[in-house]
Structure formats: C-alpha cells, structure tokens
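Just one chain is shown here, as structure tokens, and it is the form predicted on its own.
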Amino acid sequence: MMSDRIKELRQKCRSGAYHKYRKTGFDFSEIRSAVEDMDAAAAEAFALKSILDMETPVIISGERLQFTRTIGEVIPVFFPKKIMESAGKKKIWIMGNSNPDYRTIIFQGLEKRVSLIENELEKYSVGSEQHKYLSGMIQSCQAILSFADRYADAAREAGETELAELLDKVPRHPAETLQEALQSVYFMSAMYRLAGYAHIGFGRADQYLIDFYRRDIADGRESEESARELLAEFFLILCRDYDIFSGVQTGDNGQSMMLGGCKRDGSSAENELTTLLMDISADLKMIDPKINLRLDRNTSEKCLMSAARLSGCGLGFPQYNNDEVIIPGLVNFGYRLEDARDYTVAACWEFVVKNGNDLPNIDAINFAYVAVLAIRKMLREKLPFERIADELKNAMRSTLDERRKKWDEFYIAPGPLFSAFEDVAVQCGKDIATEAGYHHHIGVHGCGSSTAADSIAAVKHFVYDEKSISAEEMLSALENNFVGSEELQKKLKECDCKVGCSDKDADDALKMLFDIFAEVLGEVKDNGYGGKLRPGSGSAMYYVWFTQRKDRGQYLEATADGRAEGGYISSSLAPAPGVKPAGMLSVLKSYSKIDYNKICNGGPITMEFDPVCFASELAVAKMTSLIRGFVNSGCQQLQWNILDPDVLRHAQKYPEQHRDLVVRVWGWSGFFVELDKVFQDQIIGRHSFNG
C-alpha cells in the first residue's frame, strides 16, 4: 500500500504541481547556427551543453531523487550542415525506440566511462572520423557532469547536504546504493530526452537494480518498506514530464520497463524486484513506466499473481512476453543466443537486442489492404480459390515495393551519447545507430491481420464453397461500399468465418498471410542500412491511420468481412471490431497458428476484459491460469485491457470526472481523456470478455 508521503507525491504529479518550474518561449536559433559547421558528435555535445545551460537546477526538499525539468517544451534536434547535406531531401530518423545501457552507466559512472573512451581515442590520429566521434562522446559526457555539478551546488546552497552528496556521487561515479542507482538512471534518462532522443526506455530494471536493493537491505541502509517507497518515488518522477515528450499521442513516450525472464546463460532471472516493481505499479496506477514481463513455463506462481493483480488495475500492462517462443525466433532470425536471451522491448512491443541497433518501428504493411487487392482481382477475373496465395503474394510484393520508397527517404542520424555506453561502438569509434555492432535490421508491422483473414475466409465460404454469393455480386458490393447490398453486408458481418471463432478457414488464412509476409520481406536481402527486414504482428497507430487518413497510404475501402469504408480494422493480434470470439482459448488457438520463428518483430495478442474478471482474489488467481495457457499455447506476446464501454462513453462526455482513467492504446497506456477522439472511439468499440 502507498504511504501518506507517496500519496502526496502522486497527487503533486497528477495535479501538475511541478509545472510551475517550467518556462517556454526559448530561442534555439543560436544553437542551430552554431552547430552548422561541426561534425555530428561535436554538434550533439554542443547542443546538449547549450540546452543544459538553459535548464535551471531545482532542488525540492523532502524528495530523495532530484531533477525537475524547467524547459517546458519538446526539445528540438540540432543537425550540422554535414548531416543535412548527407540527408538531402530525406527525412532524418532520430535515434530512439531503444534502451540505453543503464547497467554500464550505474556500474561504471561517467568519469570512468570518459577514461575508457579516452584510451580508445589514442588509437586514432587527430582529425580522423573516429577521433572526432570519440571526442564528441567525451564532450557530451563532460557536459552532463558539469550540469550534475550545478545540481549538487544548488543542493548545497539550499542546505540539502545529503542531496548534495548524492549529486556529487552520481552519475559521475559508480552507484553503491539503491538511491544512487535510481538517481543515476533517472538523471541520465532526462539527459537523453534533453539531447533530443525519443522513446527511450528503461530495459531490464529488475536485473540492473537487484544488487543495490539486496545490499541495502542486508546492510540495514534501507528497510523493505523504505526501499519500496524509494522505488515508488522513482516511478512517480518518471510521470512528471510525459506531456512534453514526443509521441503520436500524449503518453506514447517509450518509458517501458522489462522484468523477469532469463539471464544470458539461460538461468532464471526472476528476483525480488520482479514482483515488487509490479506491486508498486499496481499501487500507484500511473501510466509510466509501462511494465513488460518475460515468462516461461517455470515462472513462479507468486510472479504470475503479481502480474495478474497489476493487469486487474486496468492500466493495460504488464505486457506478457513468452521467452519460449521469442528467444528461438530471434536466434532463427540471426541474433546471437546470449544476446537474444537478454532481449528487452522498445517503446511498445518490438524486441530490442544488444550489440547492434535496429529500427523496430519504421512502417507497416496493411494486410487488409493487400487482401482487398488480391480478392478484387480474384473476383474480377473469376480465378480459382487455389490462386489466392499467389495473388496475396503479388499484392504483398507490390505494396512492400511502394512502401520501401518511403523508407529510402529516411536518413538515420547518429546517436553519439547513446553510443558512448555501448562497448561495440566505443571500441571501433563508430556510431551504434549506423555502423557499429552486429545488426541493423528494420522492423515492419503486419497490420489488420484479422480483418484480412476474415475477408479471405468469407470469400472462400460464400463465393467458392457455398456459392451463395456470386463473384459479380461480391465485387459490386465491395466497390460500392455495400450501398444497395445491405443484406449481403449483414450476412458477412454475422457469419462465423472469423479469427477467434474456431473457424479453420479464418485461422488458415491468418497463418497464410503471415507466412507470405515473412517470405516477401525475406526476399529483401539488404534493407539499405546493412540488415534485413524483421516482420512483426503489431499494428501501432496504423490501425487508425489506414482507415481514417487517406494521406497515409494503403487507405482501406470496404472489405469482404462486411466492414464498410471508414470502419476500424483489427489492432495488432485481436479479433476484428464487432467480432464476438468463441472464447479466450479460441483466440489463443487462432494466433498460435502463426509461425513465430518467422515473425520476430513482436506484436501482442490484445484482449479486453470486463472488470468483473478481476473482481476478487479468486478471480485474479483464475486469470493466472490463462497466463499459463498463453505460455503453453506457443503464442508470442499478450496484453490485457480492462474496459467498461459505458464508463468510457461517460468519460468522453465528462472528462473532468475521469482524469485518472487509463487504457491500453496499442503498445502503450495513456489517460483516456488525453487521447484524440478517433483513438477513444476505436477503444470503445473493442469486444470485452466477461468471464
């Protein structure tokens, strides 16, 4: 339970009490002009130092962790002329959607890190690209150290001796206590944001914090109660500034955290913090950090109960990750086993693997759009159904070719500050985002898969098998958006040829779509950045963009499952809107058909539940059986949302009464009343299981 002090800090956070320290209206033009003729690393270091000079240290008495944002707007990114010229007309892709190596930060400290980089610097001649790059890394670290010194001085001036000692210690030196480790992690995460990086997560926090927690308890420095309160304070401090982080919607900020799983040697990584951090999140009921949990058949019942209780809070997390499926899939794709075992997630669900840098969320292929192209050709030319796989493959290829033109317009910007804590980058004097490391793959989402599979199954059933609808009649209905074909539309909507309804045709179509997706993406041997294309089953925001915005491409007209133009499509791995599945296990059965050895970019099964499913401790215990069922099913990822559509509709009308109402949007959670209406409407329309 929350202490009175934590309740007070939570209220301060939700009421925006810290916003009084913010200022806006900064003029960044001088920074932009100054970096024009610099190399990339020097430009980032200069810009970061300049931004930090604009920040005003704020020391808040009574709080054990310090840093309060005073620049009250999204920080721009400043690129030198050299990068702008190299990019040309391309859109610059900013470093992000990943997790800094916080273990290195807290176990080494910046001063030692600078020393290590200086040793590498001696290998290269002055003026060489490596020398310039490593020098820029050092300058960024030094700018952060100078800013930390200003914070320590401000603490001394405020008479906060203990805080001054804390800020003198970290992040300059290795952390020795839990408070020091948390201060170092939080302070550095803020530095990444101020350097212009977006969607920066916290990785495997229970792994890099456990030694500090155990040592503090053993030495009597912290009691279990005080350590829990300190961790709760850490969670709350992450929620102060989410409204000025970049993202598609407020809350889409990348502050994800991974718990549990296995170590690099394959042994269990579950520890005391695995459950404690979930329990704290359940107490606080805030949108950050977004919790992810790694599971296998040996995950303890205690861990599953904590996870189920957290799910029952209605925050939309933890997101469940099945190690028994994910790790083999990553190895099959080409990652080293030890690195695959150490995976975490990016901003949403995409897998992040050490010793390289992937772009896990570059774009999506709209399966429903691909199905429309294939189905209309089949109907128009009266082709036999046996041709459907070939036509889907052709449509997938043409769609991919069109989307790749967009990717070719990206220029990947370097991330020197991020690279400074990656050994593979420092040792070769190159950037982790562009050159260093063992992998630079691109992740592509497979969006609207259930809508696509349902459409294929309906055409097979009604046009080819039953022959109750002619090819001409179906084609006319689709091309005219079901105007004049309302009875046919009703028939398509109400049939059981749907994913999640124990229908073989729909499930077979789902598997076929993902097999084709993997095959077509696998035909691209070089993604243009030194890697391959990594197929996934998520959808991100595309389930709205592809149905509501024609400017985004792959815009979807009427589909053969009875959905009219403008209707939403399925989000990630979920039955299509309006479909009533045969049951929870039927949904898992459908998605277990996917070959996840081929589909390794991530993308969760998304299930919505009525609050009654978590109404008692016994009900929560029963939900752990479903979690184990998910692991045993051979599915990859799972996330749960707790929805009461009536409450959500009331929140749309009276948002001031529902400020703390949290929902899962796609791979992240946000406060419902802060979302755009198109996302609110899609969430309201999702089916909820009621036990």
Partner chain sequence: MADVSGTIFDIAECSLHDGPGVRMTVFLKGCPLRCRWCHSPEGQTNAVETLHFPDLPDRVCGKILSAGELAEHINSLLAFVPGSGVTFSGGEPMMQPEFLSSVLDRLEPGTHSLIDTCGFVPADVFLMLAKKVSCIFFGLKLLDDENSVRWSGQPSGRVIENLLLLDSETTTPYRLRIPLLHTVTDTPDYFSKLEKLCSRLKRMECIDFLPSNLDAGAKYPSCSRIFAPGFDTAYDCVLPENLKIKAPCRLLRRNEV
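Keep in mind that what you see is a predicted model, and the values were worked out from it rather than measured. Positions refer to the first chain, counted from 1.
Below: the form predicted in complex with its partner chain, not depicted.
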Check whether Lys589 has any heavy atom within 4.5 Å of a heavy atom of its partner chain in the predicted bound form, and answer yes or no. yes
Wondering, does Ala615 line up within 4.5 Å of its partner chain in the predicted bound form on heavy atoms? yes
Using a 4.5 Å heavy atom cut-off, state whether Leu643 contacts its partner chain in the predicted bound form. no
Partner contact for Ser633 in the predicted bound form: its partner chain, 4.5 angstroms, heavy atom: yes
Using a 4.5 Å heavy atom cut-off, indicate which stretch of 200 to 208, 615 to 623, 109 to 117, 533 to 541 touches its partner chain in the predicted bound form. 615 to 623
Which one of Arg628, His650, Lys49, Arg64 is close to its partner chain in the predicted bound form, taking close to mean a heavy atom within 4.5 Å? Arg628
The single option of Leu585, Ala564, Leu373, Leu488 touching its partner chain in the predicted bound form, heavy atom within 4.5 Å: Leu585
For the stretch 502 to 540, which residues lie within 4.5 Å of its partner chain in the predicted bound form by non-hydrogen atom distance? Ser502
